[in-house]
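This document opens with one chain alone, in structure tokens, the form predicted alone.
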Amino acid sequence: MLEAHNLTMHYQRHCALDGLNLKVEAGEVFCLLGANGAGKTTTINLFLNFITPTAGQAKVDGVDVTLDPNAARRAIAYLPEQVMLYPTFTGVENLDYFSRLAGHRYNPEQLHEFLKQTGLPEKAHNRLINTYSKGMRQKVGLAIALAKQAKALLLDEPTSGLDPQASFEFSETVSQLAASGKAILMATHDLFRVKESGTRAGIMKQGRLMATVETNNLNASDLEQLYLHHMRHDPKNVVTA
């Protein structure tokens, strides 16, 4: 569903992404781990066609995002660290508005059902967004992805700043979306949530993918030790597990 082929991004003399090769299948949650500046957000921005690669390809559902950006964009939904919603609209009004932008019209019952699927309490559906916590706004963002009928989701630090309960609920929803057949690429620093909801994890450093691991083969402590090992490792040596 998501494919990177030798994906490379240079900013003048700085290499932000160096020959990334990656596939994320339907039903999979692939988590990108790495320090700030490792290339995680650059990878997501290339899939979104926010920037043009120096070399290589980013494909969504078989479509090269630079050759047919509109077709690629229809297949994906994006959830940034800070979800931008209209503060003077209610949760359901935001969902209705963004669904219509994506070409979908739903009746009120369907809109409320999308919000319930992401765990947003019903009593909050008709409250203004400016009364929402960050975790509640994230749930509206996921509801928009559901309503858009996106095949793939791109999540950039989605649990940053969430309290443990909100982070747990978010991970549960992500797992449910993957189980329904969505392909999910998530950039994160949250090692524990990677273990909880991720199916594979890629460790990035200085624009290179240092290792790829199956999360069900590791406990949270093992994943942490592997991550710390690669933070001290030469990025020219790439290992896939």
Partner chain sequence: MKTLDLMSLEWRLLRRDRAFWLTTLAAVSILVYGFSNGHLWMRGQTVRITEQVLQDQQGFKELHHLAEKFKQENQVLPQGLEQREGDPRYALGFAANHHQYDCRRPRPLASLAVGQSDLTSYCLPVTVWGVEGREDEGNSTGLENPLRLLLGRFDAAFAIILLMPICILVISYDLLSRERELGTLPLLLSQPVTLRRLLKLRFGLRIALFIAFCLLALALCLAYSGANFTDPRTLVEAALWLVITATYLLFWFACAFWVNCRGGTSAEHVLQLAGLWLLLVVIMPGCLNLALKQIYPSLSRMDYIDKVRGTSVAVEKKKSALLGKYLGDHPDLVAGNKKVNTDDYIQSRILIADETERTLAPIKSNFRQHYAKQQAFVEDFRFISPAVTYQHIANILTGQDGPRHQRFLDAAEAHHQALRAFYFPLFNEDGPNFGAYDAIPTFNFKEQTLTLMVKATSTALLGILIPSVICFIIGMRRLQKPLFELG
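Positions refer to the first chain, counted from 1. Worth saying up front: this structure is predicted, and the values here are computed from it rather than measured.
Another form exists, predicted together with the partner chain; not displayed. Remarks below refer to it.
Residue heavy atoms within 4.5 Å of the partner chain in the predicted complex occur in exactly one stretch of 43-51, 30-38, 179-187, 192-200, and that stretch is 43-51. In the predicted complex, the partner chain sits within 4.5 Å of a heavy atom of Arg73. In the predicted complex, Lys116 stays away from the partner chain, with no heavy atom inside 4.5 Å. Under a 4.5 angstroms non-hydrogen atom cutoff, the partner chain in the predicted complex has Phe89 among its neighbouring residues.
Taking non-hydrogen atoms only, Leu120 never approaches the partner chain to within 4.5 angstroms in the predicted complex. Taking the partner chain as positioned in the predicted complex, the residues of 136-154 that bring a heavy atom within 4.5 Å of it are, in sequence order, Ile144, Lys148.
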